[in-house]
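Shown here is one chain on its own, the form predicted alone, set out as structure tokens.
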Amino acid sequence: MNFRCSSAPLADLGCDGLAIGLFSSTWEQQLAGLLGPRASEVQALLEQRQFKGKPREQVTLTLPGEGAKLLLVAGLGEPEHFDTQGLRQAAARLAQASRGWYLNSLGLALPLEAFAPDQALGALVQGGQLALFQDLRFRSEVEPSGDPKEICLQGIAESLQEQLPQQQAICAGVELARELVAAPPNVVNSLSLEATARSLADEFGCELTVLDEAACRERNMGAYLAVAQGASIPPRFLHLVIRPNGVVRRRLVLIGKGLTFDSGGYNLKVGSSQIELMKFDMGGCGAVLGAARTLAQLKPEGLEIHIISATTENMISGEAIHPGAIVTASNGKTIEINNTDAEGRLTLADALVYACGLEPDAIVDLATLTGACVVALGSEIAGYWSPDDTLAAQLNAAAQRAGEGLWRMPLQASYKEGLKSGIADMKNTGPRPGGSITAALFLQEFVNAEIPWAHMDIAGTVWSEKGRAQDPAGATGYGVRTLVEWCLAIAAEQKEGLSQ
């Protein structure tokens, strides 16, 4: 998808399609300002359709005469409720409405007065491009989508054209994450994820370390290998490093849970468990690799970024770990496995210990970890846990800029009682109430207390059954934009500190 910025009037853009957003209280005045002489004609057509400018209201009009032949109109509600997320969603809805019209150029005009220019640019580009994303890799016949060849962002100064590559790099990262998460488990596995990481390393000049089973055993990764021992495909522990062009001022670690398929093991997923969708259990890995794709292209100044994923599948076989088994993680803690379907936290345990050995300034892990988080927050908001208030505030701000729902959850220390084992240091699951909290508390046992750390549970947000305004149905690529925004903000903060 090509984008261009223009501060010219909408009628002067030379587009064969126009897409506009109108507030409910002032839509007639807005229409006159946008369309000039054609406004009265369009107003009559909208009144005929009983257009009110309500949120999510949408009208498609074909126009006679010279100029644009297609007009897409979206209702935006009242101006006081129109925030960055509303801007992003309006761009997405209008882009989707343009599909099938085979436009050469779509002029997109939305009210931008309340937004900083770079904020508006990001919302428009990400909203428009990601809404038109289609994963057609597994279809035998593909029909043309009829997407516009170009979207012209009216009201965005031409000087911001140079920021388009950064926004499209963010979109490329989200699209990679979507493709990884959406692919079936007979296509994406630990070996193919290794190939993806290697491809990123080769393309962007990153460093890649891959630990096979023997190397993981040498590092005493007993928790991770306990999950992997039932799989027919060998595990791969991935460690990708993105280095800045200049001096390193901060070292950050992003960890993604990489279960390419989760059968539940001997605690087999049954009933309404949606076992056929357990390909998305590597959504955390998909997110960090997607973020890596973006960050490796942008190379934020002063940041050394480490991408880690302990990849495998959780299967049943004669070699699979038994419920009741006791394993030892790489920090020496013993774990009684009372549920083989709580396997992700076992792989993350050794990944967190490994990450702490890098002595980073902060660690963030992402995982499709618990159904309890889905019950608590639904499908549009991920939960996150952190004992560090500064890191928590940074992630919250990054998620808001990214337009991804994120809510801080409590690390209730007293709930650790539920993880006590009678024969080992701890169990891998606690009681059902507060299950997402005890999962986070389990992970905290494998993080050095002096290192700022946050855990994000993306079980509800990684997949959308029916699709949302900016996310077609299926894999959402959730987490990529938040991670990228966080890293870019850290880089900017360091740069500002040096200049003072």
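What you see is a predicted model; the values in this text were computed from it and never measured. Note that residue numbering begins at 1 and tracks the sequence as displayed.
Below, we refer to the form predicted in complex with a small molecule, which is not included among the displayed structures.
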Note to self: To verify the annotation, which of these, 384, 280, 354, 237, has a non-hydrogen atom within 4.5 Å of the small molecule in the predicted bound form?
What the structure shows: 280
Check: Just one of 341, 194, 213, 336 has a heavy atom within 4.5 Å of the small molecule in the predicted bound form. Which one?
Finding: 341
Item checked: Contact flag, residue 96 vs the small molecule in the predicted bound form, heavy atom cut 4.5 Å -> no
Check: Do residue 368 and the small molecule come within 4.5 Å of each other in the predicted bound form, heavy atoms counted?
Finding: yes
Checklist line | Contact flag, residue 176 vs the small molecule in the predicted bound form, heavy atom cut 4.5 Å | finding: no
Checklist line | Contact of residue 315 with the small molecule in the predicted bound form (heavy atom, 4.5 Å) | finding: no
Item checked: Contact stretch among 183 to 191, 133 to 141, 240 to 248, 261 to 269 - heavy atom within 4.5 Å of the small molecule in the predicted bound form -> 261 to 269
